[in-house]
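Heads up, the chain below is alone and in the form predicted alone; it's given as structure tokens.
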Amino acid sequence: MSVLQQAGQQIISMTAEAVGALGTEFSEEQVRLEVPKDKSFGEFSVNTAMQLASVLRKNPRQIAQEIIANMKTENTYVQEVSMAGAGFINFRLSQRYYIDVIKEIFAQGDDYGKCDIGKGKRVNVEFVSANPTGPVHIGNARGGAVGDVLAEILSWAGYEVTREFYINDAGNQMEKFGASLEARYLEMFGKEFTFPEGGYEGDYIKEIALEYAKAHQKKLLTEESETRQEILARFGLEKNLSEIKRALDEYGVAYDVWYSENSLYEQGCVAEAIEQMKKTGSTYEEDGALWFRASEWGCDKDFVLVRSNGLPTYIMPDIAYHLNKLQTRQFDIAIDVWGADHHGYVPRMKSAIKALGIDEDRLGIILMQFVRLVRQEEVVRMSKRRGEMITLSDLVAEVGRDAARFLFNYYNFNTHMDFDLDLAVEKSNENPVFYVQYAHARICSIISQLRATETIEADLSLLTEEEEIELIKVVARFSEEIAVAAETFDTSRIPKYAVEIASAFHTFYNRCRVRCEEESLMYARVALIEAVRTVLKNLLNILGVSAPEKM
């Protein structure tokens, strides 16, 4: 429990005990702890008096006064209790609280900010899962940043996290991939070919076919079309996966598991999932196809699981995959990071999970809105070589990994995003990633200059200026921010919190001289900014962004 949480719990306990002394039952769970908008009222407040007004049939202000009279603040962080307004009870914390926050940061160091709301539950976070028939594009870039940071937040919140990439190496898209490669391969040798309808037309298809032709020449010309397509698809898949892994590694994303869709068929998982769906009593046959009574489980209409030709529809392996995660591998929670175009897919997957007897709350789904790249207020395309798409590698080359990861998480995944390429590389306070990194570098510079004379243990009780107190208040919230971000899957809280700390630091620095004439105060302020540096570094590490010592 952090120092902030301890202070909050003390107030909750004292309030419940004080109400009990009035002869009224009131549990700690009923105490609503809030932060007053007006800082002059203190750090916390409760509206308990208003809650009890109808029960005690008294004016809330009178009730508040009686509660305050029974408050016991000994051995707590509370220095003063007062009443305001219609009966709010306000709490001001002692200097010891602020001292202990700084001491807590020094004691925990790289672990400061962690909490244990996850209780070691096993979570699988599946994200990006780009179609292996092509490069990682700009939409995947947002998913990569959000998924990776969410996994890290959950880890900091006490969950046991597995990062997973689902390889869509089965089904119709692989058939089109093989057919597209075959067409380009035959074209190179002047052979007659028919390009498949809806096939992949990007230059990268020509590049893969050319690479195979250089290595194996006319070897495949004598093969049957089906065999030729299969060989080319396998070759292309291996090449594309290698490129995907390289691009994601460059982006700072590393997976624990690369899970093959094809393995679900090879291991009989899809067939087993079909049988489990039948056993639920929620399927029926019509026109030779197997249907799921999805309308009975929250969907607007039923849908087909297995076609009349015996082949599973695209959703069936996905059901098998989620069964594998939640049932076979026994993850407590499975989180999918999908694009907004999967909106209609969510109720289908949720309904299937429910029908199979699995709590739908164990499946969390993030739907990311779309991204546009903008330069000088105009939508741009960066990839001239590939032409038809903007790749992750293009973006990282243009703005760098730090800016991409920070900015993709700075905006909530529920919002459409215009990624401003000019802003991303701008070295100004308008660029949030630069603003935060500059604060960290500035602190490092100050400490580097003063470290040689730092020989006296700091007297933290000297930190009484408003800007000093406000800075400590902000950094004290770290574990609370982690907990909320983990519970809501809102990764945007972390970069915004980092900006808030950087802002509080810059305000402090502009108004409170660190290198001051009073040596003991200087040491206290050095200790304060060292604590802030630790917090900023931890936040940037969560975001997968560097914490430079010089800018």
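Everything numeric in this text was worked out from a predicted model, so none of it was measured. Residues carry their position along the shown sequence, with the first being 1. Under this definition, the rigid core comprises the largest set of C-alpha atoms superposing within 1.5 Å between the forms.
Here the subject shifts to the form predicted together with the RNA, a form of this protein not shown in this document.
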Contact label in the predicted bound form: His416 to the RNA, heavy atom within 4.5 Å: yes
Exercise: Phe88 in contact with the RNA in the predicted bound form, heavy atom 4.5 Å: yes
Exercise: Ile365 in contact with the RNA in the predicted bound form, heavy atom 4.5 Å: no
Touches the RNA in the predicted bound form: Arg442 (any heavy atom, 4.5 Å): yes
In the predicted bound form, segment of 225-233, 306-314, 152-160, 395-403 with a heavy atom within 4.5 Å of the RNA: 306-314
Selected contact from Phe193, Tyr204, Tyr259, Tyr438, since only one has a non-hydrogen atom within 4.5 angstroms of the RNA in the predicted bound form: Tyr438
Heavy atom within 4.5 Å of the RNA in the predicted bound form - the one residue of Cys115, Ala213, Met349, Ala84 that qualifies: Ala84
Residues of 270-287 having any heavy atom within 4.5 Å of the RNA in the predicted bound form, listed in sequence order: Glu286, Asp287
Per-residue C-alpha change between the shown form and the other one, Leu52, threshold 2 Å, rigid core fit: yes
Yes/no, Arg61 Cα shift of 2 Å or more between the shown form and the other one with rigid core fixed: yes
